[in-house]
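Form predicted alone, single chain, as structure tokens, below.
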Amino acid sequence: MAVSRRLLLGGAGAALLGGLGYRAWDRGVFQTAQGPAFEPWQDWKGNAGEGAGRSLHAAILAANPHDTQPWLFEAHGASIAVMADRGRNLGAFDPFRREMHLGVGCAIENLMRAASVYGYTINAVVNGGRLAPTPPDKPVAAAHLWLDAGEAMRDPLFEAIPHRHTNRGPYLERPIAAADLQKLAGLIDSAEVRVVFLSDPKARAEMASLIVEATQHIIDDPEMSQASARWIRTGRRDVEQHRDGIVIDNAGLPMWMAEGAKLLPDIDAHTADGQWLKMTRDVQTCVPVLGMILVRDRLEMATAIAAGRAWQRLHLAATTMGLAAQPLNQPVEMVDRNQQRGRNDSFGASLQRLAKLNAWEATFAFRLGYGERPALPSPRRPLSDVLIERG
């Protein structure tokens, strides 16, 4: 009888271990940032035989909101049309699709840097127009580029493309040298776009408070909460199927916690929102530098694209300096949401007061510092999925 019990217990233990092993495999516990969804980060240079279209391998590695990858490209000879794929939107989180066009601008920046390195000169026309609330989901033309043969050039920001990742984890208390911030500002400031860095403790504390307050408003808004939740990817199959969205591995968690989160059942949106608020308050706003990108009119399409190009350029340059960066755009998202709903808004005025730039408005907020650990790549759809074939 004792032998039978031992056999039974042993069999149950083996079954339990086997079940845990299967779940670990199925959820990708030990496959951190590996597999087909991450191959574009390895194949980012394409090959010379692709002509002007070679630059698109770099374009699809651009920063973008919630890793929605809201872009489409039509390449024909030396001509490349860039489209904003408005079907891949954040809904109430981005009612004017302003952040979507920021992401498209990031892709254009990568594309143009790659084209220059590959020996092309570029003529670009960026489309304008007013961004309206909840536009149709059909793609809209964002820019058109013409690439002509030129002289290949070296570009350290181009070399940073496969190493630029959003770092959502904790940052060190180590300050950033004023000279480095000046270099970054020099890459951004123009007639269209300005950048402001907040390193003074009082200004940082005020900005952090705004970010946390905006986060609370977002999670208290059911439509915004649901719009965000639909882009969360958890298990291995989910990641491989969609190849987009926020995944556990790059959510900023320590490795042991990320592995545990994969093994456990998925949490509900309410619990996830609570964890996001805590992470924002206790980790992500505790940094040496918070910042803003400002424009004259955040709801002008061409301006949004220019701001996206500026963020991509800043993030690439920060990567070459060993700095980590992450968008913390919740206050501007609340400005958009309040405008869409016809509500009074205090976030826009507070951001402008902190920026100390009259007649400019914030379109992007972020943090900057030295990461405690490296950021991991996000999943990406293959280039073939975002190419429009001419009929």
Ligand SMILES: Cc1cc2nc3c(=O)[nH]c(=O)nc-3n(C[C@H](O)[C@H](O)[C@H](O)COP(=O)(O)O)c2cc1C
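Since this is a predicted model, take the numbers as computed values, not measurements. Don't overthink the numbering: it's just position in the shown sequence, from 1.
Quick note: we don't show the form predicted together with the ligand, though the next part is all about it.
>> Given that the ligand is not shown alongside this chain, does Leu102 nevertheless sit within 4.5 Å of it in the model of the complex, heavy atom to heavy atom?
In response: Yes, Leu102 lies within 4.5 Å of the ligand in the model of the complex.
>> Can you work out whether Phe38 and the ligand are in contact in the model of the complex, taking contact to mean some heavy atom pair no more than 4.5 Å apart?
In response: Phe38: no, not in contact with the ligand in the model of the complex.
> Using heavy atoms and a 4.5 Å limit, would one call Glu333 a contact residue for the ligand in the model of the complex?
Replying inline: Glu333 belongs to the contact set for the ligand.
>> Please tell me whether any heavy atom belonging to Met301 falls inside 4.5 Å of a heavy atom of the ligand, as the geometry stands in the model of the complex.
In response: Residue-level check for Met301: no, no contact with the ligand.
> Which of these residues, Arg168, Arg88, Arg313, Arg236, gets a heavy atom within 4.5 Å of the ligand in the model of the complex?
Replying inline: When the ligand is considered in the model of the complex, the option within 4.5 Å is Arg168.
>> I need to confirm a contact call. Of Val295, Met83, Ile246, Ala208, which residue comes within 4.5 Å of the ligand in the model of the complex, counting heavy atoms only?
In response: The option sitting close enough to the partner is Ile246.
> Should the three residues Lys183, Thr319 and Leu368 be counted as contacting the ligand in the model of the complex, with contact defined as a heavy atom within 4.5 Å for each?
Replying inline: No, the candidate spot makes no contact with the ligand.
> Which among 43 to 51, 336 to 344, 350 to 358, 323 to 331 is in contact with the ligand in the model of the complex, heavy atoms within 4.5 angstroms?
Replying inline: Within 4.5 Å of the partner lies stretch 323 to 331.
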